[in-house]
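As a starting point, one isolated chain is supplied in structure tokens, in the form predicted alone.
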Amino acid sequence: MNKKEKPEAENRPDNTAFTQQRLPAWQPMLSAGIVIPLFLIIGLIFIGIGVALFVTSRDLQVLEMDYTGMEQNSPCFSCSDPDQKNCKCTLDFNLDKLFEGPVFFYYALTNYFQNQRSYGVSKDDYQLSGDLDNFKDPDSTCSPYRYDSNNNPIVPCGSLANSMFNDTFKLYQLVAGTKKEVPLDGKGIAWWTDYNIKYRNPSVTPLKNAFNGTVKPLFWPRPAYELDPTDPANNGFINQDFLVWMRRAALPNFRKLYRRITEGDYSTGLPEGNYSLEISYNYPVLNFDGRKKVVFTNVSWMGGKNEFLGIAYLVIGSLCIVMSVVMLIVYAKFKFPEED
């Protein structure tokens, strides 16, 4: 009796050069004549890039001022008292030359761990995408900022939203003894994906009606639908300052974009002269040994001021050149005849 022939496996690859690994290949034969010049060329390229990055970074202007108010001689010392409410303080500063534009205005916090896991997940993504069902029943991850003491749902809920930075700033230039307000542009400071995709307002008109039966976060002075009284389109979960805050920082010392200075008489930057920054001091940081700062800076083709990147290129490029010299010396001293 003839044995039954075994059927061919269905998953057998096609008999092609690609699937059977018969494609032509090239394997470089590295030699001293190739490796040493290669290291030298790479080193010179890296050093050139490093010099360009370092010089460009050094030319950028940065003005950083601390306004925590821990020192008695600080203009914001009285405002650092937690019993003070609606306190305002003023920082005066002078520019001895043009602060070239566009100028970016940041607020900075230290010793603030936004990357802490339980803090970072304390939000309701469905709620923040405009799902009205989660307005009435926030996700459990929002605890302890899920409901208030009267069992009313908090919108937006969670520790991340509740701790939103709420200091505000007004900048004035002192001209002939009078204050001239510097326009601060807050449009488009958040990530495009956050504004257009990740966060959405409920499809309810007016927006205020979507928040019926809910309460604002405990730390907020105003509800989400009134975050920006001057611009109705900049309210709710697509408010620019709210989006910037919800984009968590990776390190405990960070800064976040507050405004840009690009309009009117200041389109080319801040002219030399005297300035006054009026601060509405609301955000407490002393209870966790933090500090608050304001930062004015400009940018270049490589981004913001960052000397580390240029130094890193210089170090790697220098190491490549050193290694090429070492290999050249070793090759010249211990040259072996090529084997057949």
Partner chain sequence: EKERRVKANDREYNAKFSYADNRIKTSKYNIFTFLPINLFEQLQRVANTYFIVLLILQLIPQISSLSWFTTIVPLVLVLAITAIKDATDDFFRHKSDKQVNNRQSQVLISGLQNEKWMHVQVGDIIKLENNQFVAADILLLCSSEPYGLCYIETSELDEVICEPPNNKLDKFTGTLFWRNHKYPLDNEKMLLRGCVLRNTEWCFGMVIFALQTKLMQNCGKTTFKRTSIDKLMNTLVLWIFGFLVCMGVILAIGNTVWESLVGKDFQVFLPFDDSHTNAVFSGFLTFWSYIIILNTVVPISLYVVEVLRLGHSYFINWDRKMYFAAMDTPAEARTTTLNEELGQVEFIFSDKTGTLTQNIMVFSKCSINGQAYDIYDEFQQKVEITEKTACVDFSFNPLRDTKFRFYDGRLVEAVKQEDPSVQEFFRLLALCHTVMPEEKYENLVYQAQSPDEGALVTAARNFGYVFRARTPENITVFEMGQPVTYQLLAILDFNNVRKRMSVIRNSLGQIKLYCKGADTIIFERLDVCGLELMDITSEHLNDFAGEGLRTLALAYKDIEEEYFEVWMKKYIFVSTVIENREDQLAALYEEIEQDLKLLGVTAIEDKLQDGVPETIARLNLADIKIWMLTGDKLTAINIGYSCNMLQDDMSEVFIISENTLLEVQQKLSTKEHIVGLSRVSSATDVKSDIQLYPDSVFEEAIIAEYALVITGDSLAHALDPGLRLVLLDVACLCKTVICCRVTPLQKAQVVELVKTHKKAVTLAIGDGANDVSMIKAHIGVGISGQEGMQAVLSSDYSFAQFRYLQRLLLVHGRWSYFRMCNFLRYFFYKNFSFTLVHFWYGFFCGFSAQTVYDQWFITLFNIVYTSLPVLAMGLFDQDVNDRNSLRYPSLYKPGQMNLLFNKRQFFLCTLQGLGTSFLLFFIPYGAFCVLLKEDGSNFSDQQAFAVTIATSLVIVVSVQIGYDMHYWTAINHLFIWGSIAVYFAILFAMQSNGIFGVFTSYFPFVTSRNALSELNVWLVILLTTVVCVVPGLVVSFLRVDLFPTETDKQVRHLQLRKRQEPQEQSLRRVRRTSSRRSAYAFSHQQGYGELITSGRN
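Just so it is clear, the model here is predicted, and its values are computed rather than measured. Positions refer to the first chain, counted from 1.
The protein also exists as the form predicted together with its partner chain; that form is not presented, and the subsequent description refers to it.
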Exactly one of 169, 113, 77, 172 comes within 4.5 Å of its partner chain in the predicted bound form through a heavy atom, and that residue is 113
Only one of 87, 257, 207, 91 has a non-hydrogen atom within 4.5 angstroms of its partner chain in the predicted bound form; which is it? 257
Even though its partner chain is not shown here, does residue 183 get within 4.5 Å of it in the predicted bound form, heavy atoms only? no
Give a yes/no on whether residue 147 approaches its partner chain to within 4.5 Å in the predicted bound form, heavy atoms considered. no
Residue 268: touches its partner chain in the predicted bound form, heavy atom cutoff 4.5 angstroms: no
Within 4.5 Å, heavy atoms only: does residue 137 come near its partner chain in the predicted bound form? no
Given 207-215, 68-76, 93-101, 185-193, the stretch touching its partner chain in the predicted bound form at heavy atoms within 4.5 Å is 185-193
Can you name the residues of 279-303 that have a heavy atom within 4.5 Å of its partner chain in the predicted bound form? 283, 284, 287, 288, 297, 299, 300, 301, 302, 303
